[in-house]
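Just the one chain here, the form predicted on its own, laid out as structure tokens.
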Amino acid sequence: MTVGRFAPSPTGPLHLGNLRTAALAWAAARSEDGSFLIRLEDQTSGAAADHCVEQLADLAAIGLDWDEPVTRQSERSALHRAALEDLVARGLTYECTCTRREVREAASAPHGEPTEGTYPGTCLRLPAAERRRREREGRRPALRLRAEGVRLQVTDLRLGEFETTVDDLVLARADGVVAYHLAVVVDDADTGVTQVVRGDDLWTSTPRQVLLQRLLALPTPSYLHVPLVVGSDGARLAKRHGAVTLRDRLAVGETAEEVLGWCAASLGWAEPGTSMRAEEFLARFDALGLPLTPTRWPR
């Protein structure tokens, strides 16, 4: 059975792009008579309990429902830690004391085929003197995956195939918290997720997650990366772009059904100004008919 999910970070209210992605994830699962789950990825910096409550209320307001109690990433640290310890025990990790600036500088240096966010394994080859200097500075190490430059190809229902070299991604931050890519892989597998629908800004990081799935002998779900909503400046939609949350839209006189209608219209599934309930959005869902370009707000 298909099991889909929506996994927002509760760092603020959901904007129109988040709501549209949530509606698409819900519709993708329901269109296959599947179940739908919500997971709050609340290990993110800035996550807050009031944002959790508000986000869930917004999802319910546009007509989305879910089949199991909401899970929180912060309550699953024992599972994340067990996966990390497995990788450590197998010699697949190493300590990294690079600062963000050092990572940026290393990634921008010529070292073969560039990949977004590439880390070239600096700390694997760090001279002993430099290692000791960093220790004296009191730098706390993060843990990185020893990816060994593996190349991986992944497939998306809408975008097709993508192949890249996976870099030595961070598995645990210097404060000990397990990083996003490992946590999301463990959580999806543990909750039986078989279908991942999310924004296409995460598409190029998918090979990292698929590699972790293989190393941990976890199943790989199907992927559907959907177009983003961006502001008039072409950047990802954010608070600075104006009245972009459900509360904002209600304040200017729109209804939740009109907001969902806008989501459908922005995908070419309805006329502008349409009011729509979730059941009708589901009836119009067409994964292969999704646009390949972002939607600009306002439209």
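Nothing here was measured: the structure is a model prediction, and the numbers come from that model. A residue's number is simply how far along the shown sequence it sits, counting from 1.
Missing here is the form predicted together with a small molecule; even so, the following discussion is about that form.
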Each of 5, 8 and 198 near the small molecule in the predicted complex, meaning some heavy atom within 4.5 Å? yes
Stretch from 176 to 184, 211 to 219, 124 to 132, 91 to 99 whose residues place a heavy atom within 4.5 Å of the small molecule in the predicted complex: 176 to 184
Just checking whether residue 202 would be counted as a contact of the small molecule in the predicted complex - the rule being heavy atoms within 4.5 angstroms. yes
Contact test in the predicted complex: residue 54 vs the small molecule, heavy atoms, 4.5 Å: no
Does residue 41 make contact with the small molecule in the predicted complex, using a 4.5 Å heavy atom cut-off? yes
